[in-house]
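Okay, so here's just one chain, in structure tokens, the form predicted alone.
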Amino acid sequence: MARKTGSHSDITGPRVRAAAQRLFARDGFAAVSMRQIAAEVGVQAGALYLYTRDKEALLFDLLKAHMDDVLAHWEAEPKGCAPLDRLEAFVRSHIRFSLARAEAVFLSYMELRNLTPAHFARIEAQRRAYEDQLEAILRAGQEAGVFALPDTKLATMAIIAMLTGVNTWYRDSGRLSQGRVEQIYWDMVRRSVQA
């Protein structure tokens, strides 16, 4: 199939991914067809296959790109040395990153089940790598006598669930600023782990 006049892969490819993310987040992966994605982008349905093998591969690409961004963002974040400083950096970084990418975070949690086993395993490995960063902070704090936790893995899962939950209710127009939300969440996490 010939490319439409005025079409450019460096423009259309990102538009395909953005439309798929928006539609998957709004309607759910199973309910969205490739035709709907194509209509949203303004191309013929067959043209989508220039950018992805199929709908599941498109979802995988979205989830992998999100996890690549999560890991790169945390890697670049200033962290400090002490466990308490590192934990604060993690809390604030996670909230800032997640609120700026609400659709991607939603897909990451709600549509993971639609991946093939091989794709699922790759995303799960990336998620574990991120979770391991937080668990290492908690373990270091425990070893230093700064944190008191009965189980660092459970605390890791609980903290990430609490932080990611901000996406379900936070609105820029709400009564609390993002900075205030970060501070409140940091205070709650700090009190929950301190010895």
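Just count from 1 along the sequence shown to find any residue number. Please read all numbers here as calculations on a predicted model, not as lab measurements.
This next part talks about the form predicted together with a further copy of the same chain, which is not shown.
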Can you work out whether residue 157 and a further copy of the same chain are in contact in the model of the complex, taking contact to mean some heavy atom pair no more than 4.5 Å apart? yes
Taking a further copy of the same chain as it sits in the model of the complex, is residue 110 in contact with it (heavy atom to heavy atom, 4.5 Å or less)? yes
Determine whether any heavy atom of residue 26 comes within 4.5 Å of a heavy atom of a further copy of the same chain in the model of the complex, and answer yes or no. yes
Looking at the partner-bound form in the model of the complex, is residue 49 within 4.5 Å of a further copy of the same chain by any heavy atom? no
Check all three, 117, 120 and 125, heavy atom within 4.5 Å of a further copy of the same chain in the model of the complex: no
Contacts with a further copy of the same chain in the model of the complex, stretch 162 to 184 (heavy atom within 4.5 Å): 162, 165, 169, 175, 176, 180, 181, 184
